[in-house]
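A lone chain, given as structure tokens: the form predicted alone.
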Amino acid sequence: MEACRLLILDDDETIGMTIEAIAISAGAVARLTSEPDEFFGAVADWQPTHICTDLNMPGMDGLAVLTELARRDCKAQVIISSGVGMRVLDAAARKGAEQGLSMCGVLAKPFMPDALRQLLQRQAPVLRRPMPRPDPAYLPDRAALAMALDQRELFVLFQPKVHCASGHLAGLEALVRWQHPVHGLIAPDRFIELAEVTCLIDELTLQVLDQSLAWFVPWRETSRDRQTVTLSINLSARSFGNPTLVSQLHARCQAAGMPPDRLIFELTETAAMDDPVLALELLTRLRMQGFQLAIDDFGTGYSSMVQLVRQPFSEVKVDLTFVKTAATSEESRIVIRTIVGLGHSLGMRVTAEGVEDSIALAYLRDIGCDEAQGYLIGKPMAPAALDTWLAAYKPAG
């Protein structure tokens, strides 16, 4: 493992020297400066593996330091230290993570030496830099999407979910993609909303269901271990006004030999709020047919608890915003723990999305979260790649 090189930026010389001494005692090489220009020169020339920066500094505050580090595409693990309180520290850490920095953790002053040593010795989670959305060269319209549906250009990938306690496969989420013959792969955020506003969303949903069932049903029948695996499919709020939707979904499952209780329809929290009366009727009918229902992206809306109690959901999915920052944010951990407790008290299964590091997964296991989904476990995959993943996957339970 590469030796730890810690670069410290702190205008309080006593505290900076204390941090330097603790780091050296932990086997690291450390440098201390109170000048931003000298600091950024060392970032470029010395290339530290870790950075510890104070938030409150007269010349250039810590938030400005984070912004400049992100602009320079800094790869070091970043620690924020300050006496401003944990909520402010957590907010600053979230800002750094959202800018693409790898946030190792926070130190609330005064801190114990072991707290710094643990941050320097652990492998910090790699937080993926959000990819900026370029100005698209191609903007599909209704005619193009209708043709794509007619020509069967849309296809499905599957992302695994695992049981937190055992690590064994719990389910698969079907995620749609569009392979355009001329313009290449088109991401869902370029055509899902288009399908909704042009009244093509029901046809799209049924195509996703048909493709998923055509592969999933034979696949689950090849092994007894797969009989309990679930299949999740996204459902749009724009479909709530279709009076035949429930019967269409049920008929397709029946024809494919898919047990309804193995199929989970996911809808976002905001979708459940758009027309709660209409949603209540459709979701109740789906549950009456034996289907399961998950409320997705939970924790991001303003009426979260109301919708969770009011609608007949069987599963709640914790929004990935909280899960991705669980390793560095006490506030995020509190939110996750609260959602897990609330979901369980209402008799629901709880799934955490966006699991990208082992620290978050261990925390989810410790608090009794049921299932986990994210790039640490597996990315969305084509069926052939999923079989390869299953052959190599080793549960960590």
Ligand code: C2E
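Each residue number is its position in the shown sequence, starting from 1. Owing to the predicted nature of the structure, the values given are computational and were not obtained by experimental measurement.
Below: the form predicted together with the named molecule, not depicted.
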Picking from 364-372, 28-36, 346-354, 48-56, which part of the chain touches the named molecule in the predicted bound form when contact means heavy atoms within 4.5 Å? 346-354
Contact check in the predicted bound form: Gln159, Leu204 and Lys324 versus the named molecule, with a cutoff of 4.5 Å between any heavy atoms. Do all three pass? yes
In the predicted bound form, which of the listed residues (Pro188, Gly83, Pro113, Pro259) lies with a heavy atom within 4.5 Å of the named molecule? Pro188
Have a look at Ala76, Leu200, Ile192, Ala108 for me and say which one sits with a heavy atom within 4.5 Å of the named molecule in the predicted bound form. Ile192
Any chance Arg142 has a heavy atom within 4.5 Å of the named molecule in the predicted bound form? no
Heavy atom of Glu98 within 4.5 Å of the named molecule in the predicted bound form: no
The named molecule contact at Val208 in the predicted bound form, heavy atom, 4.5 Å: yes
With the cut-off set at 4.5 Å between non-hydrogen atoms, does Gln311 touch the named molecule in the predicted bound form? no
